[in-house]
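A lone chain, given as structure tokens: the form predicted alone.
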């Protein structure tokens, strides 16, 4: 079991590194790098005239920025120029980045020079509780709704809930979040929850906690309603299928109520296909935080990475991709482990 676990972890780490390396190399090939943005900022601030006059031209200014950021080196060990392949040895951007990452250094942001690890840690303080709370609430609601809909398939409440879930399934996250914003944080309609803004200067302790709980209510509700149909509808279908099997019919013939039969006998078997869906939705929640954090002005990792991508802040973008890839691959590993815990027949020893 442990050998299998370590092998899966090693493969997950290798795939995450491969994905991040590809993003690193591709990001260096995109037009409009940080050197051009720096020249544009100088132009807007009115300082480019003096800088260009002292340096000779905008090209010299751009080269100075690239040299300061380490972008004047070749991107990879081997590059193709003039129809010929050239070997650059360890004097390339990828090698310097890989060595730094293996030593725990994710680099510094191009925008403000702060360490990328520090920026991500500060942002994850908001994103991780938001995504974890959404996953927990969605899973709990999906279990309750799934059992209810499977127990009363033809009732009026079941039909209404099924129609609502089908409607939520085809609604994009940004549209759902905007609808909740206009419904529950609109002074002209229902101004129940704060949607944006900063905490009051005099807030501290319990008042600050209450303020941030109110700020997180709408983003949390948006994420939960987005992933809830993806968890509930397959669970309902699995429960209804298990209710028609022989062991379920035997349990019902012995006098076991429908609700107990579904919870004790059908639910463990119905959860097996759902575990992979649940872990697939965890990265979707992380991606969904980008939308809700930008829309509701939350200082989380999603908003941080969106702003970094717009500013061509390569170190921050690549670190975010590495973090997301690891979360995705670890989610798949978690799905396998949960399957083994629930169904011993799937364990490697079997």
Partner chain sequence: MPPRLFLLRTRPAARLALGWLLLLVIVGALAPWLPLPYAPTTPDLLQVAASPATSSGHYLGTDSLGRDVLAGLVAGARRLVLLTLPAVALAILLGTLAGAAAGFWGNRRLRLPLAAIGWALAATWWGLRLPGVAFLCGLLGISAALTLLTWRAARHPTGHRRYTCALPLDGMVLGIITLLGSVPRLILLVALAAGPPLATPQLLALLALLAWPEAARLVRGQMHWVRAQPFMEAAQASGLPLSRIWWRHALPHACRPLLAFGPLSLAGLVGLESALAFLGIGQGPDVVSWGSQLASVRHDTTAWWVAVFPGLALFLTLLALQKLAKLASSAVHK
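The term rigid core refers to the maximal set of C-alpha atoms that superpose within 1.5 Å between the two forms. Residue numbers count along the first chain shown, from 1. Just so we're clear, the structure is a prediction, and the values are computed from it rather than from any experiment.
This protein has a second form, the form predicted in complex with the partner chain, left out of what is shown; the following refers to that one.
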**Request:** Tell me whether 10, 330 and 338, taken together, all sit within 4.5 Å of the partner chain in the model of the complex, counting heavy atoms only.
**Result:** no
**Message:** Residue-level question: is residue 170 within 4.5 Å of the partner chain in the model of the complex, judged on heavy atoms?
**Reply:** yes
**Prompt:** Do residue 290 and the partner chain come within 4.5 Å of each other in the model of the complex, heavy atoms counted?
**Reply:** yes
**Message:** Residue-level question: is residue 18 within 4.5 Å of the partner chain in the model of the complex, judged on heavy atoms?
**Reply:** yes
**Contact flag, residue 103 vs the partner chain in the model of the complex, heavy atom cut 4.5 Å** = no
**Prompt:** Can you pick the one in 160, 175, 128, 91 that has a heavy atom within 4.5 Å of the partner chain in the model of the complex?
**Reply:** 175
**Request:** Report the residue, out of 166, 260, 249, 118, that has at least one non-hydrogen atom within 4.5 angstroms of the partner chain in the model of the complex.
**Result:** 166
**Message:** Among the candidate stretches 110 to 118, 139 to 147, 177 to 185, 216 to 224, which one is within 4.5 Å of the partner chain in the model of the complex when only heavy atoms are counted?
**Reply:** 177 to 185
**Asked** Going by heavy atoms, what in 288 to 323 lies within 4.5 angstroms of the partner chain in the model of the complex?
**Response** 290, 291, 294, 295, 305, 306, 309, 310, 312, 314, 317, 321
**Message:** At a 2 Å cut-off on C-alpha positions, does residue 25 qualify as shifted between this form and the one not shown after fitting the rigid core?
**Reply:** no
